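Take a look at this single chain in structure tokens; it is the form predicted alone.
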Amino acid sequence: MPTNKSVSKAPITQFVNCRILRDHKLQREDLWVREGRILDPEKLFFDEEGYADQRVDCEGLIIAPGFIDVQINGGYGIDFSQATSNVRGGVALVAKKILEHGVTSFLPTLVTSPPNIYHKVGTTSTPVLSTCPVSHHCCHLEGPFISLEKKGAHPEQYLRSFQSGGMLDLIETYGTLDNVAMVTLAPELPNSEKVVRELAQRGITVSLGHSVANLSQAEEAVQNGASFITHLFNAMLPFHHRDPGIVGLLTSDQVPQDRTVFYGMIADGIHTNSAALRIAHRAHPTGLVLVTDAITAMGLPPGRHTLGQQVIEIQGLHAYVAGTKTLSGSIATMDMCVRHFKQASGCSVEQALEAASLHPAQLLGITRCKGTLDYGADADLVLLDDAINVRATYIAGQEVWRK
């Protein structure tokens, strides 16, 4: 215990023999944790004259902030877009399973669904989502306000427009925005400007995706508050030199100087060619956010599964809408995506790890507590070897998984 008992009686853990990811580089330093948060050792030594109650020998491993997945539709037989009798239990199961892949925070993502699904899932899941490790907001709603032409695997019959003028349509569809962290929409839909502004003012991240928007429409959406692009290159107009569309946001000079446009990449080796991944990363490295877009079948054998209202068929590593060649999410895990991103892009280990931790935390505005190993941040940690294989995962300084 610290000798100055007036500060805290809580035990202190010291992680030794490790390389910690801090300030964009791996540093050979010890990491100190108390009451679930990262401690400043100078204050501990000099102000409190404290010391460690227990030491964890990391045996030379890397310590990075826990990974954050802002687009995950389910996994291990759980479909977040299905209104089951135990939505909370399903979210909890996935949360437990993905610990072995280094994910300590995530946004359960609902694809385009009928209103009754949003109403039931939103109401049923409130207790678990209100304690979501990301923040008090927790869901990512991908659709139904998206383009018919770029619907991808989203069921056409449930797509909607802003026919009532904007926010009223959202409330009619979703029922409530209380648990919503992010909404993916198509910015070319009439009346979308009002929706983007209102969502941004409420602190909800607006993402552009499943869209045929041109560059000027995308830029206007960003000026109104949009800050993310859902799975770049997928379900949007392809890059064209006269009008690069949403992709052009990566180098646009119309993005306000105090803003960063982030973009999701499914680095599974299937959704995006390695050359395209490299182009995006080299054009805008600080905006890249790795996402899995994982579906029910993640962690399960090949066969038929669901994604919301659709039947999905797994063939090898590919997930298709049954009977088609339309890609429908992935079965990739976050650690797989980090490894593939590093290999395909040629980036550093630090850049690969930050694309799954720091960048999504910056996107969600939660770097005070997540996505970094700064003093005072939550001690959500992932221990990895040099090949970026997860060896152990900690939440709030407590070990929750070890290989």
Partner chain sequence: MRLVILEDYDLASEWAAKYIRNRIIQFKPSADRYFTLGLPTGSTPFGCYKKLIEFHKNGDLSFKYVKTFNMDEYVGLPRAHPESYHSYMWNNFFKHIDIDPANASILDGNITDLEAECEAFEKKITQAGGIDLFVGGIGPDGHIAFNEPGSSLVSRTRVKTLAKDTIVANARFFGNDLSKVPTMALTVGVGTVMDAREVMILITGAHKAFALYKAIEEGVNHMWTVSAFQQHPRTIFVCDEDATLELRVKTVKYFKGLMHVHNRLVDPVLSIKDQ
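Note that the structure is a prediction, hence the values are computed from the model and not measured. Residue numbers count along the first chain shown, from 1.
What comes next is about the form predicted in complex with the partner chain, which does not appear here.
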{"query": "Glu35, Glu59, Glu29, Asp374 - the one with a heavy atom within 4.5 Å of the partner chain in the predicted bound form", "finding": "Glu29"}
{"query": "Location of the partner chain contact in the predicted bound form, chosen stretch of 333-341, 47-55, 352-360, 66-74 [non-hydrogen atom, 4.5 Å]", "finding": "47-55"}
{"query": "4.5 Å heavy atom contact, Lys43 to the partner chain in the predicted bound form", "finding": "yes"}
{"query": "Residues within 4.5 Å of the partner chain in the predicted bound form, restricted to 247-271 and counted by heavy atom", "finding": "none"}
